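This document opens with one chain alone, in structure tokens, the form predicted on its own.
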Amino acid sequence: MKTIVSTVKGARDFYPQQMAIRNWLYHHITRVSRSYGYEEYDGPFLEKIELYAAKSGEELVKEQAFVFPDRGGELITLRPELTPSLARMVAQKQGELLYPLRWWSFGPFWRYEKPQKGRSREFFQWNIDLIGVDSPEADAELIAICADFFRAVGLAPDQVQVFVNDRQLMDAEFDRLGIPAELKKKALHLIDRREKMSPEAWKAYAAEEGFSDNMLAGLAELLEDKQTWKQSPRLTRVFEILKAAGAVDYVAYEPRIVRGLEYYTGVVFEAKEITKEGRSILGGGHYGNLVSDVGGDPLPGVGFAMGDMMIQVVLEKFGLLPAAGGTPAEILVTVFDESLSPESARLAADLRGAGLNVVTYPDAQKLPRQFKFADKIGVRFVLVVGPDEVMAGTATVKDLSERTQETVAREKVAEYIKTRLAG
């Protein structure tokens, strides 16, 4: 027996059912993005590894990127994220663009990591950014987009929340706790690891990194205080805007959210499922100097990214994924016999010309078999063009959902079906 060649580890096949879900997500992402005035764009799938070295973090560059030399010996990578590409694209035409920019994209990315539920080495990701303005209103807009997307796909505030923090607020709190400048980056990493480690392991890790017992006690107290955000004028304004926009029910302050990527400089946020699993769905934040890191003049921005796999896990858990679809066609035109096959093809072409989606049965099987096939693929209307219909200039239209049958003049079939579809 022949062995079927398997897919590359961590890559995915998209059968029609999976493709339908991906397109359903893309539809909602498109609608929500456009409702805020964002334009769609994309970058190349291949980039130079040096693009990510400055700001994406050592782990992503050295451990997660698919890196290989091209024929000239230059190190190339399959893109692991899009924000550095976005920064490069803006820097290349910085003087020609109209600010603020509102751009979004949905495309494939690759990271070399262990495949598991909700995560693979190849994935699709929604990226959306507002560039060229530094204001709490901009931060609030991206968070509101998260809330509107969750509302669009049926997720409620008691199922998901967007947790918000501010790195500048954390920086001020580090000063208050006496944490020196050389330990501040490590303090962010320490906070980021808090939920991933036991209290004992976390304490030991902090000691190894040079944190005193007093510093660690202060950090632990800071992580439990859910009112610290009131000391931040920026976060206070963000919550005020979100309340006015009707999105605040989806949002909460969380001091444990600091985001691992090094290019974030201000407000950061992460959406999570509100269950014991606490799955992370999306994340993002404010960056102040990303464009300058790739050769442009400094530009502020705020954005987030959401992978397609984890959101599907969460939607499936709550029963919110769309039902597996069948054919996109509303109509199947049968083939009565070989001599009448051209008549079926002609009718199908006329209906497609009228804007309808039509399947033509590929050969002259018995009509009951063709009807059975139509039922299985989810077609609503089945059309028969037999000798009697050809002579009379009509077609027999069977509505499988209503269990009705009518004879309709050929030139009226498209209008008849559109009327039935409309209501």
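Source: prediction; values computed, not measured. One rule holds for the numbers: they count along the sequence shown, beginning at 1.
This protein has a second form, the form predicted in complex with a further copy of the same chain, left out of what is shown; the following refers to that one.
a further copy of the same chain in the predicted bound form is approached by residue 358, whose closest heavy atom lies within 4.5 angstroms of it. In the predicted bound form, a further copy of the same chain sits within 4.5 Å of a heavy atom belonging to residue 78.
Interface residue remark: residue 110 is counted as part of the site for a further copy of the same chain in the predicted bound form, having a heavy atom within 4.5 Å.
Of the heavy atoms in residue 114, none are within 4.5 Å of a further copy of the same chain in the predicted bound form.
Contact annotation: of the candidates 208, 316, 137, 182, the single residue with a non-hydrogen atom within 4.5 angstroms of a further copy of the same chain in the predicted bound form is 137. The listed set 387, 393, 368, 44 contains one residue whose heavy atoms approach a further copy of the same chain in the predicted bound form to within 4.5 Å, identified as 44.
Exactly one of the stretches 275-283, 304-312, 240-248, 164-172 approaches a further copy of the same chain in the predicted bound form with heavy atoms within 4.5 Å, and it is 240-248. Along 17-51, these residues reach a heavy atom to within 4.5 Å of a further copy of the same chain in the predicted bound form: 19, 22, 23, 26, 31, 34, 35, 36, 37, 38, 39, 40, 41, 42, 43, 44, 45, 46, 47, 48, 50, 51.
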